[in-house]
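Below, in structure tokens: the form predicted on its own, a single chain.
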């Protein structure tokens, strides 16, 4: 990142710039409330730790690989404008899984200090450059993508899609959040009761009626038609993490468990014990269809409370 941009967007000791790996610039935030790291590659929040927490809230793999055209394992990757593999009869085999927002360099639109010591960062994806590949299969695609990250007494991410084309555009999106936990076997999730989910491991559709979701095996589920807050309770870390969302009709829950974790080169063998993904999304039957000129904003707010 050049010095002129660093001088333009730095906020003194509250916001500065660094490299997490050669060629991978990051924004470092240390404000009244928390510390955080935001990668310009992928527009991806990598780290977040409130000052009153002894453990990070967001998980980043110790073996994360920083390489162009490869997603960074951990943090909050952005899945856009599709989730999973691109679904088309004429699909270009080079189209990346989960879209291209998480594997391109983003631009800084603005940074500012908020009242009472908070920080706001707005990033913009250079869509004119990176969407050309997608136009091979959807030649009218012309969308703008912004990300607003606000760090106050809570962490908020807002992903904004704007359709500048003259036709409707299908969009799937997800804020693919990796949460740092003490042990996957000891945490539980509330807020998904009486919902329907698609099990991506066996292709089945099921109803989830239990009040609490616990983990004893690999889990990869897409819960649909759900708008409720999710509560991640971690007794060993003594905290509850509340995941609130807006304009999100799906929630994805994922943990790879031991066998899959050990087969992934960017995860350590015990990483599956220390993370769980809880992802506000609009996928599957909840995919969006943006009208010409329409804007859509999906947001995620993370609040951390101590267990008394």
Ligand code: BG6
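Numbering follows the first chain given and starts at 1. Small disclaimer: the values here were computed from a predicted structure and weren't measured.
What follows is about the form predicted in complex with the named molecule, which we do not show.
Distance criterion of 4.5 Å from any heavy atom to the named molecule in the model of the complex singles out 83 from the list 100, 237, 197, 83.
This chain appears without its partner; in the model of the complex, the one residue of 26, 252, 241, 60 with a heavy atom within 4.5 Å of the named molecule is 252. Contact annotation: the named molecule lies within 4.5 Å of heavy atoms from the stretch 175-183 in the model of the complex, the single such stretch among 229-237, 202-210, 175-183, 120-128. Using a 4.5 Å cutoff between non-hydrogen atoms, residue 220 counts as a contact of the named molecule in the model of the complex. By the criterion of a heavy atom within 4.5 Å, residue 47 is excluded from the residues contacting the named molecule in the model of the complex. The shortest heavy atom separation between residue 73 and the named molecule in the model of the complex is within 4.5 Å.
In the model of the complex, the named molecule lies within 4.5 angstroms of a heavy atom of only one residue of 269-308, namely 279.
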